[in-house]
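Presented as structure tokens, the chain that follows is alone, the form predicted on its own.
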């Protein structure tokens, strides 16, 4: 029996994350797009923000209350801090929510520390499930509120989770991120102008200041504590990671280059590749490969490519993951979570899946 069409709405439809949600949801066979909100483009056609939609849809941007009222599942692609109150409004109205902001990824204590303000709705944090789909699938199925991960955190966690789950994660965890400019959003900013980014690479938010750090430490701590039986409560132990992101002159894409000194000697590279392959064997959006991954291989897609190396000279293990920050790092992961929540085939409307 064919599942019934589900009405979905988007808040923040004029940002990059909103555009990628539209790209997927407009072709989703089991979804009806019931409304899209944007304060900046209120009352104007979607094509005013996204010219590629001219002739594809005649929909116009609506106000937030109208979109919340008309949907069954709501995607929030709005700024952190202001999103939590919109999520509460939707939950109070009986909607299910997939939040692409940072408002429900962390505990109240961590949120205040990393975002510099008290959490707007701390009473809702216990209901939120961290939406890294491959690691939290069982919890996502039952969730009313899913907190979509940050893009850099997604790449780092997928690169390191197998090592954590198998007890190989040592005390020293180094993560270097190469991130494209669209990860900073669509709002104009001097450092993101073409003339600033082009032919330039620069580190940013270094020395323990990047807000995705606690997401990675939480997830790896849970993996180390529970193996594949991950839970959403706080882990008994969390690693301390060194996280160094770099802005690169590219529109979309993330490369996570990670290094750890393992807790066990004698693990070979072939054993590590087999470990990674077994860990992700059932995942249709993750490919563990022998060759080193490159961002062009995931451009515009919702998949992740991963490999691992053992440095025999130093003893360190190096793992590498590439994703599209707007796909697997944002909208693609959100739609994957929608499919899991509603019991659909997981890869519906997703791009670049390895199998249906």
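Residue numbers count along the first chain shown, from 1. Source: prediction; values computed, not measured.
As for the form predicted in complex with a small molecule, it is not shown, yet the points below apply to it.
Within this chain, residue 263 is remote from the site of the small molecule in the predicted bound form, having no heavy atom within 4.5 Å. Interface membership of residue 100, defined by any non-hydrogen atom within 4.5 Å of the small molecule in the predicted bound form, is confirmed. Shown alone here, residue 82 lies within 4.5 Å of the small molecule in the predicted bound form, counting heavy atoms only. Although the partner is absent here, residue 128 sits far enough away that none of its heavy atoms falls within 4.5 Å of the small molecule in the predicted bound form. For the three residues 77, 325 and 330, a heavy atom within 4.5 Å of the small molecule turns up in the predicted bound form in every case. 39 is the sole member of 39, 296, 44, 52 with a non-hydrogen atom lying within 4.5 angstroms of the small molecule in the predicted bound form. The partner is absent here; in the predicted bound form, the one residue of 151, 147, 177, 285 having a heavy atom within 4.5 Å of the small molecule is 151. Residues of just one listed stretch (133-141, 197-205, 242-250, 100-108) have heavy atoms within 4.5 Å of the small molecule in the predicted bound form: 100-108.
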